[in-house]
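One chain comes next, on its own, written out as structure tokens in the form predicted on its own.
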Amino acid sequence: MTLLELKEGDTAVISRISGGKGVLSRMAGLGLHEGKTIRVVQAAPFRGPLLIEDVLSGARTMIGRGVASHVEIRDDKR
């Protein structure tokens, strides 16, 4: 399952980030890595970017759907 499949308000844990150096560098720069719990705050319409939030710190950032397609997640149900 990828980040693109989450709906607004859904929470998940990043399980893997695939892709090249650009994707990995971008995600590391945003502080998003494996094991991080995130929430989709808003999904812009018409293939626009996703506003995601780091659940622990509350930091928010927008990422494009191309990058989001490389972020594999697992459900945060505990």
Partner chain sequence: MWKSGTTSDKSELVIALAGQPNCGKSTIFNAVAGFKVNTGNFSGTTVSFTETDVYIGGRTIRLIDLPGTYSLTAHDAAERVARDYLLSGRVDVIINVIDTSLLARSLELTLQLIEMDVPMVVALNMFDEAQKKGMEIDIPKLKSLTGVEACPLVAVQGSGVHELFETAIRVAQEGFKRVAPVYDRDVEECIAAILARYPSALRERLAVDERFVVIQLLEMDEEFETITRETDSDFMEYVHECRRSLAQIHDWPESGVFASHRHALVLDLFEEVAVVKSRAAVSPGEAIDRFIINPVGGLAATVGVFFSMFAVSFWIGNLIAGLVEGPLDSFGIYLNGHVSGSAGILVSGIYDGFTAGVGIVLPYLIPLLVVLSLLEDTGLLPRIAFMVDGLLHRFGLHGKSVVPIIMGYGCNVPAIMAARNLEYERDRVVTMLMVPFIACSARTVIILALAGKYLGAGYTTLIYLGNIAIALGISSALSRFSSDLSPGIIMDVPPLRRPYLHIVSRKVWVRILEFLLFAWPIIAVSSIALAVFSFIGIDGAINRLFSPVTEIILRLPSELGITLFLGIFRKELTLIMLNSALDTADVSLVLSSEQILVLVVFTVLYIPCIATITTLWKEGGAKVALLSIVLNTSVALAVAGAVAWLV
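Positions refer to the first chain, counted from 1. Keep in mind that what you see is a predicted model, and the values were worked out from it rather than measured.
This next part talks about the form predicted together with the partner chain, which is not shown.
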Partner proximity in the model of the complex: Leu24 to the partner chain, non-hydrogen atom cutoff 4.5 Å: yes
Is Gln42 close enough to the partner chain in the model of the complex to count, meaning some heavy atom within 4.5 Å? yes
Although the partner isn't part of this model, could you tell me whether Thr61 comes within 4.5 Å of the partner chain in the model of the complex, counting any heavy atom of the residue? yes
